[in-house]
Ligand code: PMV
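Single chain ahead, written as structure tokens, the form predicted alone.
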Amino acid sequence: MQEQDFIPQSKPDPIESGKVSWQSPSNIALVKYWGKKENQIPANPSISFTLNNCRTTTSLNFQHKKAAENKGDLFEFEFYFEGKKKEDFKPKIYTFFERIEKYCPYLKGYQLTINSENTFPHSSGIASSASGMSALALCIMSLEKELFPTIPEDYFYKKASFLARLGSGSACRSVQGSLVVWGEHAKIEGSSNKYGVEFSDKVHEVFKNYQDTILLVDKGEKKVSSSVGHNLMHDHPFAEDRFKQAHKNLSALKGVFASGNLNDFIEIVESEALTLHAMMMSSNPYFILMKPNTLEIINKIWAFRETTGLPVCFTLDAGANVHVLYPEKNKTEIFHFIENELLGFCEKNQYISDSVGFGSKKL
């Protein structure tokens, strides 16, 4: 679908007021998206596991504006996070509304109240923009569904992902599916730069309930915002080779998901994580986002894997925390290792137990 397909072509059915609620998960990229073009278009394709336990629940109350109450051509909304009004969150949401106005022109006709909460601590170092923006986009699409009752389900979810992308790039991978691809790729049918699509090729049983134990090495705010990090790729000396590498790794993962070859899975996923950080360390300005304890954990994982032969690996986001990935069938032995040897490197021994999930859910 093209951008113009997401612009309403008819007048909405009138609706005075209502409330909708959605729960949407975070996700962890296996092939990393790093670098973007204008309008939140990715410079390379990515694929992610949708998580199960790290979720955002968002409700949207809407009240149609009466002519006398209309305060001009403005978006009118209040935002509450975990029950408290958050004025400092509003500018980001206002920017999001401005970006999607062309596709959701009805929004200025309503007074909105947004309530949002996470299942994970806001200060945990787990990015909440993916789950938060996807949940909000889905709420907006539920409002649109009431205004345009005949829109089909496929359109609903594609547009939700399309809108979520305009709020936070990775949010488009949190709408549907266990494995989600975002970005055009020659060997993945239906892949798009404009929205995420569920990976529809064969997936081996071993990946159906993969485990992700998130080790909270550093619970502080991000040292480098995602927008700043992505922009550093524009004149990066290694950018073009990195983009080619992402395409190659995604092609390879397609075969890995079909075969269940965990050795190849581990090699690709760990290489992607380290490449992401290598790009930041070789940019201008440059950043080191890993902490000493991040490296301690990585070395412990490598030593444990070599000694035991168990298929445990790591991936990283743009920060110090470590996602430890492993099959459910090896959960007992590997979690015992995490408890005994890795938690000591975490801030206050804190971690989050998670696994592959199934996407968003209307409440």
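In this text, residue numbers run from 1 along the sequence as written. None of the values given here were measured: they were computed from a predicted structure.
What comes next is about the form predicted together with the named molecule, which does not appear here.
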- With heavy atoms only and a cut-off of 4.5 Å, decide whether Val256 touches the named molecule in the predicted complex. no
- Classify Gly169 as contacting or not contacting the named molecule in the predicted complex by the rule of any non-hydrogen atom within 4.5 angstroms, answering yes or no. yes
- Report whether the minimum heavy atom distance between Arg55 and the named molecule in the predicted complex is within 4.5 Å. no
- Item | Partner contact for Ser129 in the predicted complex: the named molecule, 4.5 angstroms, heavy atom | yes
- Heavy atom within 4.5 Å of the named molecule in the predicted complex: which of Lys291, His230, His247, His236? His230
- Query: Ok, Leu276, Ile266, Cys104, Leu216: which has a heavy atom sitting within 4.5 Å of the named molecule in the predicted complex?
  - Reply: Leu276
- Query: Quick one: in the predicted complex, does every one of Leu51, Phe207 and Asp212 get a heavy atom within 4.5 Å of the named molecule?
  - Reply: no
- Query: Only one of 32-40, 331-339, 56-64, 300-308 gets a heavy atom within 4.5 Å of the named molecule in the predicted complex; which is it?
  - Reply: 32-40
- Query: For 303-329: residues with a non-hydrogen atom within 4.5 angstroms of the named molecule in the predicted complex?
  - Reply: Asp317, Ala318
